[in-house]
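Presented as structure tokens, the chain that follows is alone, the form predicted on its own.
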């Protein structure tokens, strides 16, 4: 699915959280959404998911406006994962996946849960309550939930935050392999620059609610005269809003 964002703006009272951002993600590509804390990434994702109503601007998915009339139909083809939004803690992993599978209208639910269990190594804690899991286990369950309906558009907000290097690498490798086998467009918000370099085709940089730069990782590194993406990120985050 192709995602287009046009003049997307969100105001909370007199505060402008997101100011007229414009970008698009081509079908089957991965776009990195980068920026310091408080720059508007989470608010932007909320609007793209239809959870937050924009003050101005529109979101188009395959050319269809994400408005109340089309929202349910479009959301069935989308999904979202974030370690900061926990699944119901008192339900077991299996119960959580069953609930979300039903919400997304998944057919052959048991078969799909079995697939996700095998692919993400969930079998050892499938019957445990989600609130009892380690952070690494919770992240894998959140990823399973985000793919339960085989979405064509996936939003990932810090998918490997707080994970040890081994589990983080497992998640990144899984996403790479899954994307090779399935039609999937991804918006990835991350503070892990090596992760962004590995997974993203292009990136956009946000600061103070605005997009201040965009391009491939190599393009931005060369443009700003830095050695790697992390140094480039720091330069942009610490500079005044004079970048274009």
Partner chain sequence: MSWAKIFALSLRHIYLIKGSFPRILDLIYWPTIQIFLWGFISKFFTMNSSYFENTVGVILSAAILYDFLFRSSISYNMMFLEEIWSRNFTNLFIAPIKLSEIIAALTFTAIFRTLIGLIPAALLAIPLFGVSIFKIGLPLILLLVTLYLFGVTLGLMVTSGLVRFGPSFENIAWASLFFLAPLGCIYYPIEVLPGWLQLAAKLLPLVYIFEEMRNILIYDIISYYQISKAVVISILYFIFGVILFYLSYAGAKNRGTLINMGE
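Residue numbers count along the first chain shown, from 1. What you are looking at is a predicted structure, and each value in this text was computed from that prediction instead of being measured.
There is also a form predicted together with its partner chain; it is not shown, and the following applies to it.
Chemist: Could you tell me which stretch in 132 to 140, 114 to 122, 74 to 82, 170 to 178 has residues with non-hydrogen atoms within 4.5 Å of its partner chain in the predicted complex?
Modeler: Looking at the other structure, the answer is 74 to 82.
Chemist: Is there a heavy atom of residue 64 no more than 4.5 Å from a heavy atom of its partner chain in the predicted complex?
Modeler: So residue 64 does not count as contacting its partner chain.
Chemist: Is it the case that residue 53, even though its partner is missing from this view, gets within 4.5 Å of its partner chain in the predicted complex, heavy atoms only?
Modeler: Residue 53: contacts its partner chain in the predicted complex.
Chemist: Does its partner chain come within 4.5 Å of any heavy atom of residue 164 in the predicted complex?
Modeler: The answer is no: residue 164 has no heavy atom within 4.5 Å of its partner chain.
Chemist: In the predicted complex, does residue 99 come within 4.5 Å of its partner chain, counting heavy atoms only?
Modeler: Close contact exists here: in the predicted complex, residue 99 approaches its partner chain to within 4.5 Å, heavy atoms only.
Chemist: Looking at 214, 42, 30, 192, which has any heavy atom no more than 4.5 Å from its partner chain in the predicted complex?
Modeler: Looking at the other structure, the residue within range turns out to be 42.
Chemist: Judged by heavy atom distances of 4.5 Å or less, which residues of 87 to 113 approach its partner chain in the predicted complex?
Modeler: 87, 88, 89, 90, 91, 95, 98, 99, 100, 102, 103, 104 sit within 4.5 Å of the partner.
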